[in-house]
Ligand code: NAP
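Only one chain is shown below, in structure tokens, and it's the form predicted on its own.
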Amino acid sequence: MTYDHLLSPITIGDLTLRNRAVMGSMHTGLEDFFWDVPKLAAYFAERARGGVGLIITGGYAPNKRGWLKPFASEMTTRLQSERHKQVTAAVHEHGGAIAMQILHAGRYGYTPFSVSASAIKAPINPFKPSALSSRGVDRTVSDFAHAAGLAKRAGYDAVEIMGSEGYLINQFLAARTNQRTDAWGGTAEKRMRFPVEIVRRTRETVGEGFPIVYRLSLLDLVEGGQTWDEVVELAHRIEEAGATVLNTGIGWHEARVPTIITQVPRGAWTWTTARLKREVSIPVCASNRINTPSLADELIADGTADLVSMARPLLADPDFVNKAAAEREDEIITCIACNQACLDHAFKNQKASCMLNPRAGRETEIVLMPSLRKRQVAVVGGGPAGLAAAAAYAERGDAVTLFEKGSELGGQFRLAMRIPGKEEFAEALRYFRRQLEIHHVDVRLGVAADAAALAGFDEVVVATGVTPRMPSIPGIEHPSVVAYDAVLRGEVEVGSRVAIIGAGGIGVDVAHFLTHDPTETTEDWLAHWGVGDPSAFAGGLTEPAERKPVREVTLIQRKTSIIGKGLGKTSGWAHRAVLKQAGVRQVSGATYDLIDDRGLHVTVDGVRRVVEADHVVVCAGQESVRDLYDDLLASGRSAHVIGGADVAAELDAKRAIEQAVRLAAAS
């Protein structure tokens, strides 16, 4: 299909964008130090070359007390402004436009000198902020405007003022965090004064016509958040103060409602954007869990929004827009919202990248140069590691043969896509299959390659994956015992009472799989998380609707730590919450004694008990399948081993895919 609405130009202020696709703000870690500026320029240049209309940078603090962390990104001096010309020039060279986001962290700043509207500590930060004085508030307003002026001087085409996600501006707006009694607090009108003044002074500084995007929190999703009437009133005041575009934000970082992870349905928040658009006359930008050109185009066509922000989708595929324009949408690396290499990295003070595209943020480091000669490359195993290796070698121009002993490609991704909320993993398989077609990879299904079959290849990559580990427990051969892969493939009709051995990532996924109601809609999902009509509930937060699990599940682990401790930093808490909502019983510190007709016998804290179960599902880890690799080495053949065949402890597709791409790039 064509995407005429998404690809149509739009003028904001004096700036005409070539299309309505916006790469939303995302902190990569390349913003913080001047020596990473060339890498940042290359990162943005690749997205501009890929056709995106407007790029918005990660957040830059307007002063040191607004830092996200010590020595983090800021725009406060002419020297910094001068350095940024390398970034803006790189984007302009490819016909793109770029806006700098100005972000004051407030009480989210991971520093001992953070400030906020009031001296109230955030639940996600060990540091308690100081309350800004009245003069300090006024200086901060001026600092925002000063930063915007420096951004314009650096060649940025616009600025975005970060007024959502629970950062400083949000902290002034919500009674939850603003207990002031001066001119900057005490009433909703006074709480709004801070962002309105920021926009007004910024407009005075940058002049008429220079676009100012304001990121507006539509749903705070925290107690003591803004009412819908306050949000609308603020939107009107921000528009009157000189904003050019309203970008939408959903939820504070401390909210206990997931807003962007993979279990959030596509487009789950667009109804709030549509409601805002009816209230204002300036363009409105939709955001959060929009990851396909078809959905983006639909939102513009039906009047929900004027622009669409897609941060992680453009991280995953810098050519997203160009592929859509060329009707090559089946070649897009669709963001699956796993957060494993992007936000999980960012919140652990690491450089952000992408699980499916490990070149993201490393454009100058991982380069797939054309091969000097066309090599014959054999890749054994059609899971994530093997698919990524075959695609990367073939992209370089090598002749690749992919051997897969099963009847289908995908490996562990085929299991992951069956988990409720992880259906997007199917998009990853679609992408890799299409890459194999484009680059003419010889795919041989149902072939278990041995050393003899691999004779004559210049390079051999072993990506044979893993097999479920079966622990040594008396009764492990009982007919009620099944491995997780058989359950997820639908080979077993699981009973109404289930005991799960092992509570790592797979155990948690299987528990979710077995308790999920497959008829759940987006509206049901919002209700289960307590998201209500913001006109009736401040912050859009209400009592969660009860889930009705389809099975009685007990999740058990040997470790004494909390269940799912090793899950992703930005998504693990939500997966644990789903288990609680579904009534999954969680048992830690267990010794597995016996499996019999009654179920699973365990000892916890010295007390023996029986977990009665119709089935016992084993999620006790995996073992590498590397016999082929060992045979090749024993015969004197050189080979590479990657993915689960290399390391099986806790399946890690992020590591597997990066290994594959780095191997191809270095060969």
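In case it trips you up, residue 1 is the first one in the sequence shown, and so on. No experiment lies behind these values; they were computed from the predicted model shown.
Separately, the form predicted in complex with the named molecule exists; it is not shown, and the next lines address it.
Enquirer: 322-330, 144-152, 364-372, 565-573: which one contacts the named molecule in the predicted complex at 4.5 Å, heavy atom to heavy atom?
Expert: In short, 565-573.
Enquirer: Evaluate residue 471 for contact with the named molecule in the predicted complex, applying a 4.5 angstroms cut-off between non-hydrogen atoms, and reply yes or no.
Expert: Although the named molecule is absent here, residue 471 would touch it in the predicted complex, with heavy atoms inside 4.5 Å.
Enquirer: With a 4.5 Å heavy atom cut-off, would you call residue 559 a contact of the named molecule in the predicted complex?
Expert: Close contact exists here: in the predicted complex, residue 559 approaches the named molecule to within 4.5 Å, heavy atoms only.
Enquirer: Tell me, yes or no, whether residue 513 is in contact with the named molecule in the predicted complex, where a contact means a heavy atom of each within 4.5 Å.
Expert: Residue-level check for residue 513: no, no contact with the named molecule.
Enquirer: May I ask you to check whether residue 619 falls inside a 4.5 Å heavy atom distance of the named molecule in the predicted complex?
Expert: Although the named molecule is absent here, residue 619 would touch it in the predicted complex, with heavy atoms inside 4.5 Å.
Enquirer: Tell me, which of 584, 531, 162, 501 has a heavy atom within 4.5 angstroms of the named molecule in the predicted complex?
Expert: That would be 501.
Enquirer: To verify the annotation, which of these, 432, 403, 592, 108, has a non-hydrogen atom within 4.5 Å of the named molecule in the predicted complex?
Expert: The residue from 432, 403, 592, 108 that makes the contact is 592.
Enquirer: Within 4.5 Å of the named molecule in the predicted complex, counting any non-hydrogen atom, which residues from 416-437 show up?
Expert: Going through 416-437 in order - heavy atoms within 4.5 Å of the named molecule in the predicted complex - there is one hit, 422.
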